[in-house]
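A single chain, nothing else alongside it, follows as structure tokens in the form predicted on its own.
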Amino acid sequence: MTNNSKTDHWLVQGATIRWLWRIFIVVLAVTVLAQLILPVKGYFGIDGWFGFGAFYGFLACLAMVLVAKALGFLLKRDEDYYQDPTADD
């Protein structure tokens, strides 16, 4: 990728990425803070706690990343795994 920001797509420019992060953080904070105005009635007790959805979502995402890393480690093959061993280089 070139450093010429005039030819880059607007979604890959640094300023746009910073603004998108800020917007996403504000939206996520508003959704958590909305629970102060619109209380959630939990079915199991713990799911009624403040910010439970955000916390649970974060833990679920973290678990998916860790499982994917473990699967990548377990399923990893050598660089020349598919190369024919009888072929001459």
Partner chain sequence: MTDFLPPALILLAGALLTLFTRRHLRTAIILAAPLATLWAIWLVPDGVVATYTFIDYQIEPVEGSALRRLFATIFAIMAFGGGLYAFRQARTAELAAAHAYGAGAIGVCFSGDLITMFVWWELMALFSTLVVWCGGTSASKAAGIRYAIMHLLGGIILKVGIDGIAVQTGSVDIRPMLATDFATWMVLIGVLLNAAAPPVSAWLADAYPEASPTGSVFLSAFTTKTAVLALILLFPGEPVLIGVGLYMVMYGILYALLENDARRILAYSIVNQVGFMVCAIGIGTELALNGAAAHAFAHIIYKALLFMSAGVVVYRVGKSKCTDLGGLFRTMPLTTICGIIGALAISGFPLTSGFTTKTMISQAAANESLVMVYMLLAAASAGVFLHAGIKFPWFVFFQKDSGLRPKDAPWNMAAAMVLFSALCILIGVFPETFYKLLPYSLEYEAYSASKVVFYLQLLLFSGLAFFLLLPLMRRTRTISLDTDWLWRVALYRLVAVTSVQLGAVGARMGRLTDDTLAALKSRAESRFGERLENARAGVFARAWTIGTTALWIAVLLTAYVLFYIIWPSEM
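Everything quoted here is computed from the prediction, not taken from an experiment. Residue numbers count along the first chain shown, from 1. We call the rigid core whatever largest set of C-alpha positions still superposes within 1.5 Å between the two forms.
Heads up, the form predicted together with the partner chain isn't pictured, but that's what we're talking about next.
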Partner proximity in the predicted complex: Ala15 to the partner chain, non-hydrogen atom cutoff 4.5 Å: no
Please determine whether Trp19 contacts the partner chain in the predicted complex, using a 4.5 Å cut-off between heavy atoms. no
Which residues from 10-27 come close to the partner chain in the predicted complex, meaning a heavy atom within 4.5 Å? Leu11, Val12, Trp21, Phe24, Val27
Checking Lys76 here: with the core superposed, does its CA move 2 Å or more between this form and the one not shown? yes
